[in-house]
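Next up: just one chain, as structure tokens, the form predicted alone.
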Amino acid sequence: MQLVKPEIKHIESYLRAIEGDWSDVAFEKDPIIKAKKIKDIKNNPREFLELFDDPNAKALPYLLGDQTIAYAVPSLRRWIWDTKRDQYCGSVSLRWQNGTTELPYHLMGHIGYCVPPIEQNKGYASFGLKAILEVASALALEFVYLVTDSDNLASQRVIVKNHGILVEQFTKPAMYGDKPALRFLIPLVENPIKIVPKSTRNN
């Protein structure tokens, strides 16, 4: 397994993974949105790959599920790659704000990851999270937050395996469906200062 910054040679495997009813981005499960994304990637793959590293937050604003406008923050994305099969097996992303562990209202956690259903329970998520934590540590973050649905036991096991500590139970904002969720903290230094995000302090 390897965490890769994708290149042109990786795209075909990724497209095969998202051409069904699964997507590594929640709002792209809409068939119309997904069809446009696939078409755009095929027409201009280099443009698609440009913002996998976006430390200066150059990405354009985007709409969340409730039509809330979200603005970019420094970020990077990587693909979890099975080197033996030469195949895409998941995505992992890291978002942050320079000089702070706080997050803007529209981001519940610093790290997000997902694995296609057919590739789950094979260790890809655990590998991807562990690898991206090394990147987060290099950015001098004291800790990172991760959020998962209360009923997503598999994701909770992945987080706990990577030293996640349960911080709170809360209800996701309307833009994310008002679902019960859990927030975990993974320390990257000894005795990190915990700051519960403002968006959920009253939940």
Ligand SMILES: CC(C)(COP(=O)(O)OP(=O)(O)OC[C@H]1O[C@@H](n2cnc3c(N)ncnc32)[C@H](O)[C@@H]1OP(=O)(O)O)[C@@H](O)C(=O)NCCC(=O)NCCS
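Computed from a predicted structure; not experimentally measured. So that there is no doubt, residue numbering starts at 1 and follows the sequence shown.
Quick note: we don't show the form predicted in complex with this ligand, though the next part is all about it.
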remark   = TL;DR on 38-46, 141-149, 51-59, 173-181: the one with heavy atoms within 4.5 Å of this ligand in the model of the complex is 141-149
ask   = Closest heavy atom of residue 123 to this ligand in the model of the complex, within 4.5 Å or not?
value = yes
query = Applying a 4.5 Å heavy atom distance criterion, does residue 153 contact this ligand in the model of the complex?
reply = yes
query = Does any heavy atom of residue 132 come within 4.5 Å of a heavy atom of this ligand in the model of the complex?
reply = no
query = Is the gap between residue 113 and this ligand in the model of the complex 4.5 Å or less for some heavy atom pair?
reply = yes
key: Sequence-ordered list of residues in 158-186 near this ligand in the model of the complex, where near means a heavy atom within 4.5 Å   = 158, 161
